[in-house]
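Consider the single chain below, provided in structure tokens and representing the form predicted alone.
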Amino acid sequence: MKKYAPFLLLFILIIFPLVIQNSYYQHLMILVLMWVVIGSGWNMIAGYTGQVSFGDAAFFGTGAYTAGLIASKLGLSAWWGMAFGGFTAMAVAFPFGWICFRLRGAYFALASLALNEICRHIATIWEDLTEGMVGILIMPSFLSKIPYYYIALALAVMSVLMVQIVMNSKWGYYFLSIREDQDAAESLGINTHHYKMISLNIAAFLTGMAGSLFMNYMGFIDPEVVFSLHDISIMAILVGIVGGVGTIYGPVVGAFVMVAVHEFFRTGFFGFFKGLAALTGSEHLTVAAKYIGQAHVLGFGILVVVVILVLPNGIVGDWGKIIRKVIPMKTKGVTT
């Protein structure tokens, strides 16, 4: 059954917009698929290569601005951003990695954090190019969400397959050796700087593609939206940690969970508190609903603490442990 689970999930995702016509749920699924792409990219550099990065927002924003600038400055379709967004993100990742991969551990993580801020400030200050805080607005290509959904699904499937193919290749073994012991890998003749660069550029490409999709789908970006540390970079890390770091399908599961948790808090427990406040007329419940809607970061924190304590390898990484807890195994008459 485990062997066929990915194909079953893919079949469900293909028929989803045909069965579920509600645009709200279609919107949530588009966001889930977008986070599968971003999470897969982060998982490549951090989960498999062991280089924890906070730089996803820089690559995501670069891809988004590529699509936006192609439309606003060149007068072409923003969908050309899907062709070039990944490569412009790689153009940002290459010099950054070339310089900063001489750093390790927390120092590299801090450098990637600085990259986010540099990109955000450039997008804010360079108003002649990016329109600054005014942002870039484009007209949507489709009125229906279904075309966006299938484009996002194709991108998500491509991302998962790319990670799987890479990790089954010689590159994948080099990435794992760097993650486990960089010094030992170098002693065996592996050019760790070179292969970390490859891993980073794959991650940047996928994240930049997701940014281009976001621009086309949402139709508006500004520096605070696409270069956001907590909404992009931290969310990417949480998708990987919750789903399972260093697993192929961890980002898929993590994306579903994190989008659900975000929406759970944003809507005040799916409208429960707002509805109860309207029913009772209580001002206290109205205030509570307002603050709960802004408490998704708190929810993320609680979820991560629970996952680290109970499922340190994430949902996919500890799936066998979950099954054993839910369905106790009986061997030779002894219940375990």
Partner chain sequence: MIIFKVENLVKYFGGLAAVNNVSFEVQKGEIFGLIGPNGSGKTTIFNLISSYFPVTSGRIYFKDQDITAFKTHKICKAGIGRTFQVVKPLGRLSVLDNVIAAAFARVQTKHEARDLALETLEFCGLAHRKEILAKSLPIGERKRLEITRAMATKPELLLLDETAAGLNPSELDTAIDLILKIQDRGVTIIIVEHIMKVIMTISDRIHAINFGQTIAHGSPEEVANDPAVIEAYLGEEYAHR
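Since we're looking at a predicted model, the values are computed, not measured. Residue numbers count along the first chain shown, from 1.
Not pictured, yet referred to below: the form predicted together with its partner chain.
Sort through 142 to 150, 86 to 94, 253 to 261, 165 to 173 and report the only stretch with a non-hydrogen atom within 4.5 Å of its partner chain in the predicted bound form. Stretch 165 to 173 is the one.
State the residue from 137, 76, 184, 158 whose non-hydrogen atoms include one within 4.5 Å of its partner chain in the predicted bound form. Contact check passes for 184.
Heavy atom within 4.5 Å of its partner chain in the predicted bound form - the one residue of 177, 72, 201, 228 that qualifies: It is 177.
Find out whether any non-hydrogen atom of residue 124 is located within 4.5 angstroms of its partner chain in the predicted bound form, and reply yes or no. Contact check for residue 124: no, nothing within 4.5 Å of its partner chain in the predicted bound form.
Wondering, does residue 190 line up within 4.5 Å of its partner chain in the predicted bound form on heavy atoms? Yes.
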